[in-house]
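Before any questions on binding or motion, here is one chain by itself as structure tokens, the form predicted alone.
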């Protein structure tokens, strides 16, 4: 099998960065406006793979739709590899979806044509792009080999397991040499063992092809397999978990959680901190030489602001 990158078009070998700043997306239905993204900031480096987590309705799928060119931003900055997603005509948006991004959806019916076998499913977007029959076949077999499905190339989706269908779907998403691979709950309908296998394939294509990846997931096992996990809350990035040694034995992984300071100087405190300290409405801030102190707004002996007294190691005043 020849090198899977042997026929990459000129200028398409390297993935471009993802940049969102102050990104807003508002949906309007009848007389109701829903603000799905509220000034979101996100930077993804070329060749990086991240996972995005968040509760239902937090805005993570909207973010994926904006990056994929399916939804147009209402305001702010959104660009992928130098493509400005806020200034595209309909024709440019169609070309962007065809040539710059690849999609893997949770529902296999959105990924694969049921009447085509695996090889022809991968060839399908190449045929739409005007590639010749021989180059389509070579590219399809290269990608099916990469995802471990070359032995099942002649099978239709109904003859494949759920995990096999998703591996073929990854090959389809990569057919046109995308700069950005987007996956929306790609392991959501799979058992744990199969989900790990599918995510291993995503890691492999990221490593070998250098394609940038943004993966939305609810699966903690999946989210822990990358170096950076981004959490969305109320339409903004609330925190990031950065790992050293991701993908190795869990006992060897060092993970650090950060709150994210956006371009307007805002940050969201972790929800568990807010609950544990009973923080409400407003808090007191105090600038220290190397950190910022945050205290509850409390009334004590008629004083509106009460800074906690220093305590010794046993917790006594």
Ligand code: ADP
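Computed from a prediction, not measured in an experiment: that's the story for all the values here. Positions refer to the first chain, counted from 1.
A second form of this protein, the form predicted in complex with adenosine-5'-diphosphate, is not displayed here; the remarks below concern that form.
- The candidate stretches are 260 to 268, 61 to 69, 278 to 286, 39 to 47, and the one lying within 4.5 Å of adenosine-5'-diphosphate in the model of the complex by heavy atoms is 61 to 69.
- adenosine-5'-diphosphate in the model of the complex is approached by residue 55, whose closest heavy atom lies within 4.5 angstroms of it.
- Proximity of residue 253 to adenosine-5'-diphosphate in the model of the complex: non-hydrogen atoms within 4.5 Å are absent; the residue sits far from the partner.
- Contact check for residue 274: no non-hydrogen atom falls within 4.5 Å of adenosine-5'-diphosphate in the model of the complex.
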